[in-house]
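One chain comes next, on its own, written as structure tokens: the form predicted alone.
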């Protein structure tokens, strides 16, 4: 499919109902990329529950397979699967993080992580599944080490943000952690050696062509050498770093601003996700989903990105999360304040 030929449609495959409050976040189970495993994702909501959705291999339709409830006492804001797909971590406004394990089809809460002073906003596993990061309204980022027997030990509490931390995200191949905040910045945390302390090695702020308002979300491209951020300032920004230098052990290489996508959104951009084949999806408070791709021209002044498609009124209210399925190339899930989840397929018009 040549994406820039036009004639594309974001086709609604199914609308999933069940949550009784806004749906905050979605996470695809990475194990479902295998050909013989049904696709599965988790969703979490203001109704204090997490739902597990699975696609039937025969009918291709999606059904709720489990409701994880009676563990969190307030909104569940974020969910993330471990790289193996065996564990699901959930972050709640009740100041706890719960770890769930799929035991013969039943999900059991096997660990509860406490320490944040108040709302836990986001969490993310590193690429090997050995570390879990959490962040919260208390302006801190915590790094937990995964120990045998579903034990988790806090390795370090990272302080540096001056406001609520909205999201944490590990780099897809290296143990470098990124956090976005209400203080309008993205901070980059890394440790010189495996047993060393983590420190903030870079702040992507307004002085470095960064955002001028709350940064809500970020996502990496497949190679991990580019990063996209989205903000309350109505823009998306693309950043680039020399990851080959970092992977070769030659020290930290800074992220540099490549370009800003502005003029596309007129309300806050809450979520952004980069697909494996290079399509950036954004979800915003204007109820629309937009797709962007790198432009074929404009390489004279560095890469530029263009709007590929805009789906107006994708939901009835704010879109809080957009996530590409890691397996099927052009399947996108979106979650909204309207309490629904929708599955979309990017298809070529006949």
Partner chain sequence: MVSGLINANPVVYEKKERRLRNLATLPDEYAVEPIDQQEIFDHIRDIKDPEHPYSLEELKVITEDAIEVDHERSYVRVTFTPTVEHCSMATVIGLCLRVKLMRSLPSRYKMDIRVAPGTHATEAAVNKQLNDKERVAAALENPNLLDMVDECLAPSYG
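No experiment lies behind these values; they were computed from the predicted model shown. Residue numbers count along the first chain shown, from 1.
The next section is about a form of this same protein that is not shown, the form predicted together with the partner chain.
With the partner removed from view, the residue among 257, 276, 74, 86 that has a non-hydrogen atom within 4.5 Å of the partner chain in the model of the complex turns out to be 74. Proximity to the partner chain in the model of the complex, taken as a non-hydrogen atom within 4.5 angstroms, holds for one residue of 101, 240, 175, 119, which is 119.
Using a 4.5 Å heavy atom cutoff, none of 51, 112 and 151 lies near the partner chain in the model of the complex. Only one segment in the set 244-252, 182-190, 143-151, 221-229 has residues whose heavy atoms sit within 4.5 Å of the partner chain in the model of the complex; it is 182-190. A residue is said to contact a partner when one of its heavy atoms sits within 4.5 Å of a partner heavy atom; residue 22 meets this definition for the partner chain in the model of the complex. The shortest heavy atom separation between residue 320 and the partner chain in the model of the complex is within 4.5 Å. Using a 4.5 angstroms limit between non-hydrogen atoms, residue 161 is distant from the partner chain in the model of the complex. Within this chain, residue 31 is remote from the site of the partner chain in the model of the complex, having no heavy atom within 4.5 Å. Shown without its partner, the chain has 267, 270, 285, 286, 287 in segment 256-289 as residues with a non-hydrogen atom within 4.5 angstroms of the partner chain in the model of the complex.
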